[in-house]
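As structure tokens, one chain now follows by itself in the form predicted alone.
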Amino acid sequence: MTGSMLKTQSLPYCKGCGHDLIAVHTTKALERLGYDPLDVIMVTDIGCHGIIDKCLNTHTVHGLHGRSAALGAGVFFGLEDTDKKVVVFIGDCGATIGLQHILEAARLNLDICVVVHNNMLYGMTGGQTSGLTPQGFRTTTSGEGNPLTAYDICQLTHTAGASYVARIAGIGDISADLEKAFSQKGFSLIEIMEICPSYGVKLNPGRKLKDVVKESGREFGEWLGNRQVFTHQQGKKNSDLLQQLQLIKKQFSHKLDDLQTIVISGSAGEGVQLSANLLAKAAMSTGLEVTQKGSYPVTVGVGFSTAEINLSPDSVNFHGISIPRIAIITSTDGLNHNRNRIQQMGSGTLYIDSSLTPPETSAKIISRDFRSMGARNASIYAMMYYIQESGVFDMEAIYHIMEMEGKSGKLPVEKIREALND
């Protein structure tokens, strides 16, 4: 025996609003299909329809404007029980904003149902034109009638690959139409046409809903697809991606008794992020707590590349660095990107390539020809020089990590080792 989906029969909509009709008949259809309230996940969008959440006994998720289809897809992917039903409520405005989310869910043919409340305008924010407003329909921003052709959400969704698509008028008992949409396997979308009583009726006096739809060139009806329904196995890659990572065991010792903040910076393509990653893993092999953060321009492969590493014998609950204790700089790009914070270093050490002019700083300056190993290996050499010079931990830790990561044969490790011993 199913329970009632609605907590109340007094719904929070304007008198005559089609959203009331949709809510009542949605719950009626789900109950008739035998769903218990806790077998249903209702995902709603920003808009007048979304205030139904508080009136439901089902699970509810309320999303950002236009994102309810994406959230519904996420809920579906997370479900292990395929007997649960995901129903997405969205308005014509949200459907316009999140159109790609809807089309992607249709393309994948996910087993969810999207109910589009198409009252042909932005009802919650003042009656403005939406992407689904029919041509000629008046809104507060199209006083002479919308001059543009609307998206045909049904045609787009059907073409994208949905199992079932329908367009109906939000008049009378529509529970049978909703029941049919909810009972489909795969992606279904039902567009329910309405006229907003607060804006649509006032701005389009005397116009009947069915006439508006017909004059816009749209048709009521249903469109069927025959594509394979998405199965979770199709998208299954690995139950636990962490299982693919190599475990780094504590094998070496360190000499840190406090937080060490390190910035490594050079030019893109010169091994900055690799050197930071190797340093971080080597530190982990000594029992230190580590965080690592990379920073580089949006256009990857050009300009600076900066990495920030925190090392500590205690837990580190943050990433990123304001003013570093250690700065390792191997190119002009890296120097320019970090010049201000190097100048603010009140102490600590700056390791800088000998081709560069150090900025004014209170930090100790160590200048060395790191680029003698070639531009692509400058940061690796500088990072290893820092480990040896500072004695922060055993050098064998970095050699071990390089071997474990398969880098020993790709980097000039022996050449760097010889340079470090000179």
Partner chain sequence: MQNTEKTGRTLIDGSRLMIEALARAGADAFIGYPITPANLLYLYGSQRMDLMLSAPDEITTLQWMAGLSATGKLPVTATSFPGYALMLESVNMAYMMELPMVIILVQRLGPATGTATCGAQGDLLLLHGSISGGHPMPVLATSGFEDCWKLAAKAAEVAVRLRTPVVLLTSKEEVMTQKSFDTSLLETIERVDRPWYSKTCCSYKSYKPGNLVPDFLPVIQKEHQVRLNASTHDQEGILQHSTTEAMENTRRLEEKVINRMNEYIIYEHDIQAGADTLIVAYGITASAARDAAASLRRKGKPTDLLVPASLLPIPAEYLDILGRYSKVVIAEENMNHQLATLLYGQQIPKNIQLVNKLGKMISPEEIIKEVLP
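Each form is matched to the other, and the largest set of C-alpha atoms that superpose within 1.5 Å is called the rigid core. Keep in mind that this is a model prediction, so the values were computed, not measured. Residue numbers count along the first chain shown, from 1.
From this point on, the text means the form predicted in complex with the partner chain, which you will not see here.
Proximity to the partner chain in the predicted bound form, defined as a heavy atom within 4.5 Å, singles out one entry of Arg67, Arg368, Arg32, Arg376, which is Arg67. This chain appears without its partner; in the predicted bound form, the one residue of Thr291, Gln184, Ser216, Asn204 with a heavy atom within 4.5 Å of the partner chain is Thr291. Among heavy atoms of Arg417, none comes within 4.5 Å of the partner chain in the predicted bound form. Although the partner is absent here, Asp394 lies well away from the partner chain in the predicted bound form, with no heavy atom inside 4.5 Å. Mapping the unseen interface onto this chain, Tyr164 falls outside it, with no heavy atom inside 4.5 Å of the partner chain in the predicted bound form. Among residues of the shown chain, Thr58 is one whose heavy atoms approach the partner chain to within 4.5 Å in the predicted bound form. Only one of 154-162, 242-250, 204-212, 184-192 places residue heavy atoms within 4.5 angstroms of the partner chain in the predicted bound form, namely 242-250. Shown here without the partner chain, the chain has Val61, His62, Gly63, Leu64, Arg67, Ala70, Leu71, Ala73, Gly74, Val75, Phe77, Gly78, Leu79, Glu80, Lys84 in 61-88 lying with a heavy atom within 4.5 Å of that partner in the predicted bound form. Positional change of Val213 between the shown form and the other one stays under 2 Å at the C-alpha, relative to the superposed core. After superposition on the rigid core, the Cα of Lys281 moves by 2 Å or more between the shown form and the other one. Asn226 is not among the residues whose C-alpha shifts by 2 Å or more between the shown form and the other one once the rigid core is aligned; its shift stays under 2 Å.
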